[in-house]
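Take a look at this single chain, the form predicted on its own, given in structure tokens.
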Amino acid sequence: MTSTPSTRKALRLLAVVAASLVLAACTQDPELTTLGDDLAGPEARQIDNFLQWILWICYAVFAGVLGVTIYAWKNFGIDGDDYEEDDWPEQIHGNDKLEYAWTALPAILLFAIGLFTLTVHNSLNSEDTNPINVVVNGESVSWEPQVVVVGQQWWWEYQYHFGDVDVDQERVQTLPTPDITTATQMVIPVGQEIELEITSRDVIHSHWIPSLNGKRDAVPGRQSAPWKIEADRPGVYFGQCTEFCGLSHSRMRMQVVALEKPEFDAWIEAQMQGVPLDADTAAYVDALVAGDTAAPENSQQRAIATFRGKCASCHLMEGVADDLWSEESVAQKLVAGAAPNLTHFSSRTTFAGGIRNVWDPKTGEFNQNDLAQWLRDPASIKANFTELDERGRLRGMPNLELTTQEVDDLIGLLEITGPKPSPEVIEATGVEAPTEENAQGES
């Protein structure tokens, strides 16, 4: 069978398109991957193993279909431009054996794939009982590792509830105040199954840490069926929201930091403390809480006055503005009903939804430049602020029109909220600094 010029042209075009798609998918060091040695959890490896088997089955089916097609083309093909009626090959009908074979074989194959799919699905959605002891306020308590994951435009919140707290509820708003709340980063102990209760406060998001497990949607109004992650070695594992959720969807990232049990216990102990203030500054806060109009005497006290006056209506900072912050007032002010807890801001390594570094991964220094830009003009980093309705409810970080002095003071206050992460964690969690082109795109 001879090919026409138009057929050869179409085949060349198809080859170019196929090669372009293959090359576009190639990268040597992807930040997010579901394949290979970067997988650090049993669930992720289970998905990978299942995918490999499915791919090999697909390869075999493809090769078989292609082989039959080529065989028929070579042996029974005729030239469409030059043939006689007698050139048609013998037409065969009613071959029962062939019909049984190509009906039964795909049915058996699909049944096997379906069975394996259900097995993997049930395994990923099962949960084990694995309580561990953690120290909370000086007392050892048994904790079934569970973390409530809350998506909102455009950042992730992680809640830790210790003691006798049932987090398997339908709405996050009904849960008691968590013992620990973090933003953007979830910290877990190595070698422990962590059950995730995933929900949303506004629109549908999707939580995905590919090195540890697949994705699970965060749906407003309900919490997910049991979902879990587990890291079998210390490290930092990146993730991304995978459900389009608005202007800054692509800048809604997250990280899981897996620590050995002693380091995880130390992290819990530090997170249970308030902001470390010196005696004079603590007395200044007490005076403000009591209703006195004490004048600030240094930059830290000025920062506290600024925080209480301009930030505490949305953000909690324990030991600084507890008396001004309440879940009810934030729920009335913000559409999502929550803003990141800043009590331990500098114990994290990223902010603004995981797109900027709190600590410079190269020098280990506090990233004052990016933080100052965020405080002065949040929209230059992340399109996120809007006023939605007649009730005046807000979404995202507004521009508070802070003065240069107020920005400098707040940066100094945020830097001491620590404790500072280890150099290894700072280096591992560092996100790529935006280029001038990227920065313009983010604005």
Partner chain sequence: MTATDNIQDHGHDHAHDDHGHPSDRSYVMIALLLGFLTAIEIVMFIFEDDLPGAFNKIGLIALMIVKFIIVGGYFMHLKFDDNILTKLFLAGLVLAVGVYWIMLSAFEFSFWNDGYEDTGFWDGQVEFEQRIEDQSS
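Just so we're clear, the structure is a prediction, and the values are computed from it rather than from any experiment. Numbering follows the first chain given and starts at 1.
The following text describes the form predicted in complex with its partner chain, which does not appear among the structures shown.
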*Candidate spot 302, 377 and 403, all three in 4.5 Å heavy atom range of its partner chain in the model of the complex?*
no
*asked:* Can you work out whether residue 331 and its partner chain are in contact in the model of the complex, taking contact to mean some heavy atom pair no more than 4.5 Å apart?
replied: yes
*Looking at the partner-bound form in the model of the complex, is residue 173 within 4.5 Å of its partner chain by any heavy atom?*
yes
*asked:* If we define contact as a non-hydrogen atom of the residue within 4.5 angstroms of the partner, is residue 319 a contact of its partner chain in the model of the complex?
replied: no
*asked:* Please tell me whether any heavy atom belonging to residue 222 falls inside 4.5 Å of a heavy atom of its partner chain, as the geometry stands in the model of the complex.
replied: yes
*May I ask you to choose, among 269, 278, 327, 263, the residue with a heavy atom within 4.5 Å of its partner chain in the model of the complex?*
327
_Can you tell me which of 281-289, 176-184, 155-163, 331-339 lies within 4.5 Å of its partner chain in the model of the complex, counting heavy atoms only?_
331-339
